[in-house]
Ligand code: 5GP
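Here you get one chain, nothing else, as structure tokens; it is the form predicted on its own.
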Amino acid sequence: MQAIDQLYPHLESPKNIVITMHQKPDGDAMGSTLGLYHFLVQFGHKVTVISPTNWASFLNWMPGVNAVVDFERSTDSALNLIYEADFLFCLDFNTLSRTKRMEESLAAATGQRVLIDHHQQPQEEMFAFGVSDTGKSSTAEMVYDFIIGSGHGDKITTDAAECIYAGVMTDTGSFRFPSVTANVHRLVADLKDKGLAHSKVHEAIYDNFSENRLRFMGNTLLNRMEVFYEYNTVLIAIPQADLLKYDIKTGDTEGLVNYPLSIEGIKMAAIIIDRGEERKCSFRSKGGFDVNTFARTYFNGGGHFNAAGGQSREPLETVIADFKKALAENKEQLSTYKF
């Protein structure tokens, strides 16, 4: 994989470009891809953003989202775009399997794949150009760096700024995670100087949910949360029946895993959701417990040191039992806190 700055000369003339992201994209995935889209179209490139799946409705405010192609809904047209692309920018994922049913077509594409991502253990051999930096707060921050590195920072439009800011804001927990460096704040200051209205983005992301979601969250915290004080851990296990009862949509469970970390002494929070075809897991931690390794070891997943995910095809009850067994195997690390 060549360094990302080696790509700039290849973009000096118009190209067919596809930008894609991981399945069920979050704020950083959608924000980084659309931020890059608004930058590249200014140079005469034909640019299309493709999502492997649908996305949360609270992202529908983003400038350019109406032009995003849903691979599962428009497979034939998406495949044509992928096979015609000169370059395929792969953002906020670093292994092709994270694109679900798009994996095969991305692997077979004749265009050159470009990686921009901040997760651990990238599949470097699959990319012609790229940058992988686990020290970055978000992929949106890395897109900003890519733009600045090109020498065209003046091409960050208001639309691009809103998308980039949304990505950085959501992936940093509104700037509270340790990944927030001084450079992140300088990025925000620069976007503000370029005309960003940040409160508009906050309202669009966080004040745009249904009543059902709030009631679902209340039921979840009251009835589905189990605290393991001996392991300084909280588990939330959500049966599929709850998703159906409250008419839960894509994105409605976003951020729920973070709530238990507000309990004094809790070092790790986990959520297991029964989505029918599989059980999806999310893990968060504070301090020195590595949930990336935990997810990779026990739940066929991975991610960051303090934020990771996984999945299982086993029944919900089995996954819960597996999680409790994993806690016991990590007791020495998790039980150091004294209440």
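Predicted model, so just to flag it, every value in this text is computed and none were measured. From 1 onward, residues are counted along the sequence shown.
Beyond the structure shown, there is the form predicted in complex with the ligand, which is absent from this document and is the topic of what follows.
Proximity to the ligand in the model of the complex, defined as a heavy atom within 4.5 Å, singles out one entry of Ile50, Ile272, Ala308, Met62, which is Ala308. The closest heavy atom approach of Arg98 to the ligand in the model of the complex falls within 4.5 Å. Though the partner is left out of this view, Ser285 does not reach within 4.5 Å of the ligand in the model of the complex, counting heavy atoms only. Within this chain, His119 lines the site of the ligand in the model of the complex, having a heavy atom no more than 4.5 Å away.
Using a 4.5 angstroms threshold between heavy atoms, Asn300 counts as touching the ligand in the model of the complex. In short, of 277-285, 52-60, 66-74, 39-47 it is 277-285 that has heavy atoms within 4.5 Å of the ligand in the model of the complex.
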